[in-house]
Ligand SMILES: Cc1cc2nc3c(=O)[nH]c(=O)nc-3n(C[C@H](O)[C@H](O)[C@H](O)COP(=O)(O)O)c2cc1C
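In C-alpha cells, the next block holds one chain alone, the form predicted alone.
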C-alpha cells in the first residue's frame, strides 16, 4: 500500500452534523456546525468550535447554556439552511418546533430525534477566529422510537455526517462489529 503525504487539514471522519441552539435576545436561534465532540464522560461534556462571527455565540456567552440537536436526513435541507443563513440576517425562531428542558435558555428542536441540553462549563479562546465552548450535558431527550433496550440506537437516529473537504453530507452505514469484543480473538504475531 502506497501512502501519499498531503497538507495538514481537518481530515477527521466522520464528523457529526449538529444544530446548536441558544437564545439570543430572548429568541431561539440555531446554527449548523460539524466541529463537535465529546470531551468527558463523568460528568458528560461536549465541545463545539464556532467562528466568533456566529450570531448564536452571543447567546451562549450571554446565557451560559446551549443545546446540541442531532438532525436526520429528513431535515437535511433545513439543517443546511440554518448553517448558510445567519441569525443576524433572518429570524430562525420559527423554523423548528422548539421546546425547553430544565435550562431556560437552551432551545431544542422537536424535529431532531436526539437533543442534548448543555450548561456552559468553559470557553477557550482560540485567537481571533473561533470560540471553543465546553458544555456539561445536563439532560438528554430522545424520540422513544430511537431507543433500543433503553439506549439510543444510531441506525434509528440516522444522524447526518459531514465530509469537510468534499463539502457533502452522508449517512451512517452498517454495523461491522461489537466494540470491546470484536478484537478478543485477534492473535498477534
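Residue numbers count along the first chain shown, from 1. Computed from a prediction, not measured in an experiment: that's the story for all the values here.
One more form of this protein exists, namely the form predicted in complex with the ligand; it is left out here, but the text below deals with it.
Although the partner is absent here, residue 130 lies within 4.5 Å of the ligand in the predicted complex, judged by heavy atoms. Interface residue remark: residue 169 is counted as part of the site for the ligand in the predicted complex, having a heavy atom within 4.5 Å.
A residue is said to contact a partner when one of its heavy atoms sits within 4.5 Å of a partner heavy atom; residue 83 meets this definition for the ligand in the predicted complex. Under a 4.5 angstroms non-hydrogen atom cutoff, the ligand in the predicted complex has residue 29 among its neighbouring residues. Annotated contacts: 49, 87 and 92 all touch the ligand in the predicted complex [non-hydrogen atom within 4.5 angstroms]. Only one of 53 to 61, 135 to 143, 37 to 45, 151 to 159 places residue heavy atoms within 4.5 angstroms of the ligand in the predicted complex, namely 53 to 61.
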